[in-house]
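Only one chain comes next, encoded as structure tokens, the form predicted on its own.
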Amino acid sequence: MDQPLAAIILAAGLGTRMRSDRAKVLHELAGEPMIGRVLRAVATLNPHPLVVVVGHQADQVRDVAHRAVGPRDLRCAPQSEQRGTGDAARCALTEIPETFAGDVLIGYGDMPRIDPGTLRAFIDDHHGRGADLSFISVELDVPAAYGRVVRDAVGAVAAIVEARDATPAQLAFKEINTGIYLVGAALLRTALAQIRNDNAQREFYLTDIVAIARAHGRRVFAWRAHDDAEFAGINSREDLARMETQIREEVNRRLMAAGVTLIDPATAYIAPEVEIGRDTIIGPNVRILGRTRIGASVVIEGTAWLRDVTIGDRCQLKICVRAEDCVIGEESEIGPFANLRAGTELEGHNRIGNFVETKKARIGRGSKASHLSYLGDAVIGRETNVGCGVITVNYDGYDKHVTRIGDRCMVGCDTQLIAPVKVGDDVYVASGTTIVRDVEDGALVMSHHPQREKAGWTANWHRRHAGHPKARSDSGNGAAD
């Protein structure tokens, strides 16, 4: 593809059939807004610029677009009033320099299954045929509301007619327009300037550029694709659910063929971008999303939610684990009921047990926190044991502060570490200690208060409340429920 390329993605529509306050292209598919998948596919072609036409919830669509394609020549063109696809393309042209002399690829933000390889083949064939305008068509047994491709007596493309404007004879045609075009920038500007809204919907149809190009004697080509599923759009919640099922089944088949065991494929929701090593076993009721990387011989028992997680070989994730944007080193044991939040890094051979929460915690090799602890903004060394109920007190109401614990420490149960604080290597922390100052290597640290007792206090307490409505008359000491 030596010819300069720009791209336009139409994403301004509300999507009324979704029955949603959210823009259609923001609805998630396999854990990601559908427009993100479209943009990543188009971005592989390196268009300059890549223009997204935005309308409803423009700021949110713009944010998703930037996250999807990163730092590249991405521009957003507002369409303030929804006046049709032709008008949307006109809006996009304001972001393409007048001096641009290459081709413009046009597509839709609600076609998340488009494959980059298909787009490359389409563009190459367009150039090979010397076409001025090409679009992708497919044949459907039931064309429904799609625009029909109309051909002349010798089989050349004459026009695209929207279903609402088609004659009964044209509605019988099975070749439909997918909505993906490639056209020279100069021809696109000329054609868009000539489209009119004299149609059933009183809108400016992008499809009209085909007939206009033919009227100017330009070479128009319909590139017929074989897999119509790749060009399916999403217009309703039912369409969204159907495509989710299709993607899930395809991904699961690919993973099982590669040596991954899925105990219940029907409840394994795994994003296409996820990579999983062989001999890994995944239990039921899991969602694995984003750029997650799972090693070999890992066991995920089930009921897990993972996003953008790297998991080393031979780890075990017990039931009910949630992890996001974190790294789990090899041969670690996580859960049950553990929550690994963003920024957690486990070096390997770690144990994060039941009802333990971590956040921005770097935990060294062989260290463990087995029960009911919160470790936030923490750096913990190797071979350290964190007891039950330990809390790093990291927030002062304005800023977060770091707790540092060294190697080979024993942190007793019910310990609070008031950050910022540093505990050295080989430190023993007595149970119930509150640490407010740095602790030197090899020390025993405690903050025990003398135990005090008041004999007979309980009986006096109940006597003072003898008349209380909750006092029990049938109890010898008047104990309340």
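These numbers were taken from a predicted model, which means no experiment stands behind them. All residue numbers refer to positions in the sequence shown, first residue = 1.
One more form of this protein, predicted in complex with a small molecule, exists but is not displayed; see below.
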- If we take heavy atoms and a 4.5 Å cut-off, which stretch out of 316-324, 356-364, 298-306, 199-207 is in contact with the small molecule in the model of the complex? 199-207
- Does the small molecule get within 4.5 angstroms of any non-hydrogen atom of Ile160 in the model of the complex? yes
- Message: Using a 4.5 angstroms cut-off on non-hydrogen atoms, would Ser134 count as touching the small molecule in the model of the complex?
- Response: no
- Task: Answer yes if any heavy atom of Asn385 is within 4.5 Å of a heavy atom of the small molecule in the model of the complex; otherwise answer no.
- Result: no
- May I ask you to check whether Asp110 falls inside a 4.5 Å heavy atom distance of the small molecule in the model of the complex? yes
- Item | Of Ala88, Val138, Val286, Ile276, the one that lies within 4.5 Å of the small molecule in the model of the complex (heavy atoms) | Ala88
- The one residue among Ser373, Asn394, Thr178, Thr344 placing a heavy atom within 4.5 Å of the small molecule in the model of the complex is Thr178
